[in-house]
Every structure is written in structure tokens, then in C-alpha cells.
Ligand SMILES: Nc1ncnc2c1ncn2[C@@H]1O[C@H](COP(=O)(O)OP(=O)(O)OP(=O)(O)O)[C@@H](O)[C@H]1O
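There is one chain below, alone, in C-alpha cells, taken in the form predicted alone.
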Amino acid sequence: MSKKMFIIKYDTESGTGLANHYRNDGWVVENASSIAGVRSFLENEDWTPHVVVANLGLTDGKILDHLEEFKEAISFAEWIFIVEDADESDLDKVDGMAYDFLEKPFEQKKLDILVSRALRASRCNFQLENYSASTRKQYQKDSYVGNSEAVQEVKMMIDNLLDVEISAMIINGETGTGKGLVARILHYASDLRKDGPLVEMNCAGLPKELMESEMFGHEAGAFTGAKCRHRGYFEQADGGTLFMDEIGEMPLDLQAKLLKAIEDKKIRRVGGEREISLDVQVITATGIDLKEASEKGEFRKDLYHRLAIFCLTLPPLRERKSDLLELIPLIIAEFNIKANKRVKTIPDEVWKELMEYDWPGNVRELRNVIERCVLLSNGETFPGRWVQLQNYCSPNQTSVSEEQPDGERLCYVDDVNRVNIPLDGSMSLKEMDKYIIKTALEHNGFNVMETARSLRTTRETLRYRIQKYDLKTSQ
């Protein structure tokens, strides 16, 4: 990958010498010696440097006066200024707008070190911007998949919310319905917030004693172990969105501080002496009825009413089963790519089983089932035997535990049509394959033809695997 540099120096001779130095080090270098020269070059050349090395003062003016214009034209470049006899105000501006600066006289080695660091920063900025653009593309209005009436209502509400400034809102829904997905769509698909950060906070995953510090930040020495200043989630989300999942799990005393932060648009770090003004959109999510919780005293009423400016309730999958016809092929295609599989066909009996199931875990459960089936597939047909909707991993199922020679324990359901195996990494694919064939042989009375039929393979393939794993074919 080429390294590109733009050198802007009023002294043409020293600029040429510097350009030759970096060309010898593998850089592609272009030069300019004035404000007009820079502007002309940027207007006529489709060329974006990684690093710009520039004099602070040029023959036709100060480059700082035009820096915003130039930065917009070469957005990923890092600027290093060479300054001499600069006043304090200019140095303050440089400190805030440039990667770094060097005062004359300086050693070439120091500039080389700065250039090397600036190159890494520039490439990092480029990658982050590409990642952000990819993320924005991933989370658009159509990312919430489905055409059922319930989904159409959700999409209409999302469409309306994208055009308004949301100070706070609540997304309701059972676990696995896609509350996090909708929060990301509301951020990345909106022209109002998409260029700002999206910060996610799980209120149920933070210890109570750390939650305030994580949410609002802390100053050095605020408590034992606070060795340096920490910017909390609110500060990190300034100019963007703070997504607070499981908001119902937040302690009541912190709810009061959250209410004040939303109302005043200001926060105070733990141990801090001043308030910090912020511009943050707060989206909360919960699987409980916050209104009911507030009436029981389990959630602050004033906070509930402040958050409930907008409320969006996501339907469970059992109420929009027609969307499975669209969801399932999309999820299969996703895991085909991830696992380098080629599942294309879903047998009718499998479709029937998937459509009749109520999906208590909603889309999350659906994704887990499809992931398991795709990972364990051996061809283009979706393997129905791994669907296991009713009995998979159920602690109440009747099962038999068998000790393997290597000490691992495997459980299979006491049902000739199902086999359960762990997917926690304790078994290799070879061990899974051997165990499935062994169990199927036992359940079919060691009849090779019947076993091959039940496993949907040929007798020759099954005999090969029986010999490969040294399995017995009689009691």
C-alpha cells in the first residue's frame, strides 16, 4: 500500500529536499509553496495524501486561515506543522487542529518519527470511516425484516422517528425481538445523528457500585482505584446516541441522576467539580412494563414519563409468523457465508415444524436454531434433525447419559428421532459424526439400510463411515 505525502513549504529548495528524503523512503510526494498553489492542486488533482507537512506561514498568507477548507478536501490526512516565530494564539490553534507540530530548528529524525505515527493515525481514520459507512449501510429502515401488519406498523413508526429530534424514548419488547436492532436503525438511518457516535450500555450487565462511574465518568482520585480521569457513556455519546438496554434494572437512586442528566443535558463526573454540557439522544429498551413497575414503586414515575415521549413496542415472532418466510432464507444465507456452507433447500416437513413453533425466544432463538443447522449441514438441504425445537437442551427431558472413553459425557434424548450433542467445543465434528452414526445404528437395530435411510444418505456412504470409525453392525 502506497504512502502519500503533501509537502507545503514556502522555501522551494528545502521543500524539494524534504520531498526527495521521503521519496527515497518509499513515499509518493507532491509539493506546493503557497495557499494558491495548494488550492489549485486540490481542485485539479484527485489525490488524497495520508500526511501533510506544512509551514505555518506561506508567502500569500497563513495556512491556518484556510485549514478547514483544505481539511474538507483531504479529510483523512494528518497535518504536521513546521513553525518558527509563531505567536501563542497560532500555537493554540495548531494544537487543536493538527496532529502535531515541530518548531525550528529540529532534527530530521524527530520529523520522521512524527510522520510515521501520523501515517498510522491516517490509515486508522480511513478504516474507521469505512467501518462506520458499512455500519450505516447495514442498519437502514429495511433492516427490520418482515411484511406482516405488525411489522409494517413498526416500520411506519421508525420512519416517522427518523425525521425528528428524539431526546428520549422507550423501546418495549420481549427478549430477542430486536430492540437493539431498532435502536441502531434509529441512529444510523437518521440524518440528524448518524455522524455521531452510538454508545451502548447494558444496565443489567454492570455492577451497581460501578454503574454511576460508567454512566457519568469519574475524575482521578474520586475513589480507590480511580488513577485517571474516565469519560463515561454519556460523554462518549456526545453528539450521538446513548442506547441503554434493560433500563428497568437501573437502581432507583441512579434513576434520579439519569432524569436530571436528560432534563438538564448536563452531567457531572464522579468526584468532579463542574457540570459538562452534552447533546445526547437517549434510547432505552426494556422487556418489562415500565408503567406497571412505576406504579409499584419499582421504577421512578418521573423518569418513566420523561422517557415515554416516544414508545415503540416490537411484536413477538409468534404474532408475525408469516415473516418467517422472509427471515429464514436471509438468516440461512448469512450463516452460509460465515461458515462457508451451501444450504439452499428446506424440506416441507421442516418448514411445517418451523412455522408451527411459537418461538418464545423470538428472532434470537430463530437465529440460534438456524446457525446450528447450517453449521452441521453436509449439503444443500437444511438438516431437519438438528432443528430440535421442543427438546433441545431442556432440563426436563428424559435423557440417557453415556460416558465416552475420553471422559466426555454426551446426552441423547430418549426419542428415536432426536440426538442431542454439546456445541460448547468439547466435541470435534468427527466425534459428533461418529456418535450420531453409532446412535442411529442402535436405534435401527443395527440395520444398515434402515440407518442409511433415517440419516438420508446412501448405504455405501454409511458403510464407509462405519468402517472408518470401526463401529459394530450387530449387538
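Note that the coordinates shown come from a computational prediction; the quantities given were computed from them, not determined experimentally. Note that residue numbering begins at 1 and tracks the sequence as displayed.
Form predicted in complex with the ligand: not shown, discussed below.
Colleague: Give a yes/no on whether D245 approaches the ligand to within 4.5 Å in the predicted complex, heavy atoms considered.
Modeller: Looking in the predicted complex, residue contacts with the ligand include D245, since a heavy atom lies within 4.5 Å.
Colleague: Flag K179 as yes or no: does it have a non-hydrogen atom within 4.5 angstroms of any non-hydrogen atom of the ligand in the predicted complex?
Modeller: Looking in the predicted complex, residue contacts with the ligand include K179, since a heavy atom lies within 4.5 Å.
Colleague: Can you check whether E174 is within 4.5 Å of the ligand in the predicted complex, heavy atom basis?
Modeller: E174: contacts the ligand in the predicted complex.
Colleague: Within a 4.5 Å heavy atom cut-off, is V363 in contact with the ligand in the predicted complex?
Modeller: Flag for V363 set to yes.
Colleague: Looking at 109-117, 138-146, 251-259, 291-299, which stretch has residues with any non-hydrogen atom within 4.5 Å of the ligand in the predicted complex?
Modeller: After filtering at 4.5 Å, what remains is 138-146.
Colleague: Quick check on this chain: which one of I276, V350, L161, L327 has a heavy atom within 4.5 Å of the ligand in the predicted complex?
Modeller: None of the other options qualify; the answer is L327.
Colleague: Considering R367, K341, K265, K194, which brings a non-hydrogen atom within 4.5 Å of the ligand in the predicted complex?
Modeller: Here the answer is residue option R367.
Colleague: Just to make sure I understand: among 299-324, which residues lie within 4.5 Å of the ligand in the predicted complex, judging by heavy atoms?
Modeller: Stretch hits: a single one, R320.
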